[in-house]
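Taking the form predicted on its own, here's one chain by itself in structure tokens.
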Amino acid sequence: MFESRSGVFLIAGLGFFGLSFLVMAVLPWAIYYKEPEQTVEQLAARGIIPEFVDLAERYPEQFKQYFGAPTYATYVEALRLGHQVYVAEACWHCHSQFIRPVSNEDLRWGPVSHALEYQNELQRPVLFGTRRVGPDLSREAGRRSNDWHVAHFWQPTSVVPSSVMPPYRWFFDGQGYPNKRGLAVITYVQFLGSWLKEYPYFHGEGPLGPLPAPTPADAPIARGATSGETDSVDAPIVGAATAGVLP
């Protein structure tokens, strides 16, 4: 059997399968298995995104009811819940979170993804996605306004006429305002890519710059706010939702 053409193909197939498993599974695990996984608290320590504060300012009654004030603690809560909603609603079936270094994907979606981005709690399960019915969302932070996302979840075709995404009316209360799940999933989507130095100018359409150095022994503050605007991790962040705020 092994001297025949089919036998050679069988041995070659099994050999290449074993080699690919070694290179693509065993080797990465051996390199990264000791790397600590970042928690949501550590991710949020980079600073509260302005879009989270903007939600509190645009929907004050709803935000106060569900989260209280836009603090570090409530930001962590919103990110964790938003991630859970994103996974539960199977958003990853139609949206990827992985930009490949092929086919000029960086021109369409932003900087190519790198391994370090996926070593955190919000990538369990891994949200590479299965296909792209909709756009990649790994660089969605700050790209569109909160109002756009509210309209998109309420009626996708109102902002994207060709969209095949269904309405998510259960993200809203009886009066049409975002409920807790709606506020959380918008916060999560607006968070995606905010850790990059290019945020929010993923295509070079504005000034670039690294994230500000964390203030020593201070609580995380809203990006664009000064350290004097908050005294503790649970102090409300005021005035950070300014258009054009850089990280």
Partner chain sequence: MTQASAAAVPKEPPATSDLVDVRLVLWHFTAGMVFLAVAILAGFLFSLQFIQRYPVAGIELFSPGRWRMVHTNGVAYGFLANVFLGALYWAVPRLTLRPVYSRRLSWFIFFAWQAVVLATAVGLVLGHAQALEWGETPVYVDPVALLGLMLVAVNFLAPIFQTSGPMYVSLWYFIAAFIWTVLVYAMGNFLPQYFVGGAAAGAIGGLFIHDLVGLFVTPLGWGLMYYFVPIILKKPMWSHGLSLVGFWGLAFFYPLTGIHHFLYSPIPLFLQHGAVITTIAIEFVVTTVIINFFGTLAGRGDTLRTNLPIRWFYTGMVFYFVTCLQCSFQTTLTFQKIIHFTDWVVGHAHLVMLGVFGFWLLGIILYLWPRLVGSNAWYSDVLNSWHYWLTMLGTLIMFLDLLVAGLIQGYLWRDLSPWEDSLRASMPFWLVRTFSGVMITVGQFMFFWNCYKSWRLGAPAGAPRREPSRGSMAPATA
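Quick caveat, the model's predicted, so the values are computed rather than measured. Residue numbers count along the first chain shown, from 1.
Same protein, other form: the form predicted together with the partner chain, not shown, and the subject of what follows.
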{"item": "The partner chain contact in the model of the complex: W109, any heavy atom under 4.5 Å", "value": "yes"}
{"item": "Contact flag, D173 vs the partner chain in the model of the complex, heavy atom cut 4.5 Å", "value": "no"}
{"item": "4.5 Å heavy atom contact, W195 and the partner chain in the model of the complex", "value": "no"}
{"item": "Distance check, A151 to the partner chain in the model of the complex, heavy atom within 4.5 Å", "value": "no"}
{"item": "Contacts with the partner chain in the model of the complex, stretch 103-121 (heavy atom within 4.5 Å)", "value": "S103, N104, L107, R108, W109, S113, H114, A115, Y118, Q119"}
